[in-house]
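This document starts with one chain, in the form predicted on its own, laid out as structure tokens.
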Amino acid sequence: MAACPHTLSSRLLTGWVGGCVWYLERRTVHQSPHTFMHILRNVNKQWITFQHFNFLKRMYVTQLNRSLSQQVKPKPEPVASPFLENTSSGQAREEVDEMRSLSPPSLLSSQRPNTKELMELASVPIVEGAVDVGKEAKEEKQWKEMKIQVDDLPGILARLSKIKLTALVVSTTSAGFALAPAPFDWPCFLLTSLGTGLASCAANSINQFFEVPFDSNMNRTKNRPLVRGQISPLLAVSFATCCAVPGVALLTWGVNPLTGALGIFNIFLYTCCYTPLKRISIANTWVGAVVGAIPPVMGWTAATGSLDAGALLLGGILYSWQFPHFNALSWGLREDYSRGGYCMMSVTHPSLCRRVALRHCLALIALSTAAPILDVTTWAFPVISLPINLYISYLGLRFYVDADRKSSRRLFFCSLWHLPLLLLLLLTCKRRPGGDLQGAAPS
């Protein structure tokens, strides 16, 4: 058997043994590159890289010093969690007592308390406060018997009837009665004032009864008696009925049927038209102005028994005065009215709100000039009332131009003293009945 001269077996071995060795050597030479590449691939797969060393270093550091490891800050518990609502207050207080009893030994065991123990100690008053708040919230949801003390009832009824607004209504009615060209009758005057006041209390009480869910969303009205639960709705409606029936009866049979009809119409207009329109349309402002213009007309008709041009003039002055007064007030309460769901000019039509206020400020000058033409006052009234009318018109112009809270506030406060002063000037310059005849008698 010939052997290759290049192989190891050809130099050392001959015969059959050399042939076997030659075969094994040749197979090893042919397959060695493939085996070497396979070994290299396996080594590359299991090779320890720099990332492995970096990871091992971080693990070693964190295991050596555990304070370097990241810890998630626990989220504070809510004030009144559903778990605390379902858990009885006695069980929760027992858990709090156990936490208090376990916390001091843990502090004594180590000089430096860890973060977890400090967090447990801080959570004790939070859990206790949450238990109290959850208990109070649960008690508020339960039905409770409403108890009203007799001493608090007059104040509650006064706020229910909007006593300040009622006083303004009665004062304008008294001004209309005094301005009428008729002899002043004290019994009739007292009956008119009392009947008008009772009718106003009834209308305001019914208004608050209808607006409870909306008043609760406004900061200006959230403390009203019905909203706070100081009085029951049944008692409020009963109080309104007890005011409306005798009030209308006094105006109808104690004064005259025309004044009684105006009182009934005004209650209907305020409760059934103005109140629902506040959430539907901006026309509620014009309807509300009509409601405020009727009381001086009622005073005039109570004194004279008729509805003439003088009564309409007084109603027109009160009608125009209410636009700068209310529009300036509503401008500073736009957020409140929007939260309560009321459709006001200041919320939906801001430019119209300012324009209407300025327009009716100027209308007060024209109405004051018409007073002597209709024989209500002398010609001195337009002259002496011109400065205050010009001043409120100037503030209305500033409100229209600036459109800010400062200008609206100035216009509102001006309207508070403008109306009483204007009514006082009307009384001062009132034309006396038969004054011309008395002046012509000596000649």
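Start at 1 and count along the sequence shown; that's the residue number. Computed from a prediction, not measured in an experiment: that's the story for all the values here.
If you look for the form predicted together with protoporphyrin IX containing FE (HEM), you will not find it shown, but the lines that follow are about it.
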Which residue, Val227, Cys188, Ala370, Ala289, is the contact with protoporphyrin IX containing FE (HEM) in the model of the complex, using a 4.5 Å heavy atom cutoff? Ala289
Could you tell me which one of Leu165, Leu153, Ala249, Leu307 places a heavy atom within 4.5 Å of protoporphyrin IX containing FE (HEM) in the model of the complex? Leu165
Given that the partner is absent here, state which listed stretch (362-370, 219-227, 347-355, 178-186) has heavy atoms within 4.5 Å of protoporphyrin IX containing FE (HEM) in the model of the complex. 219-227
With heavy atoms only and a cut-off of 4.5 Å, decide whether Val297 touches protoporphyrin IX containing FE (HEM) in the model of the complex. no
Check Leu329 for me: does it contact protoporphyrin IX containing FE (HEM) in the model of the complex (non-hydrogen atoms, 4.5 angstroms)? yes
Given that the partner is absent here, does Thr285 sit within 4.5 Å of protoporphyrin IX containing FE (HEM) in the model of the complex, heavy atoms only? yes
Exercise: Ala311 in contact with protoporphyrin IX containing FE (HEM) in the model of the complex, heavy atom 4.5 Å: no
Contacts with protoporphyrin IX containing FE (HEM) in the model of the complex - residues in 340-376 whose heavy atoms fall within 4.5 Å: none
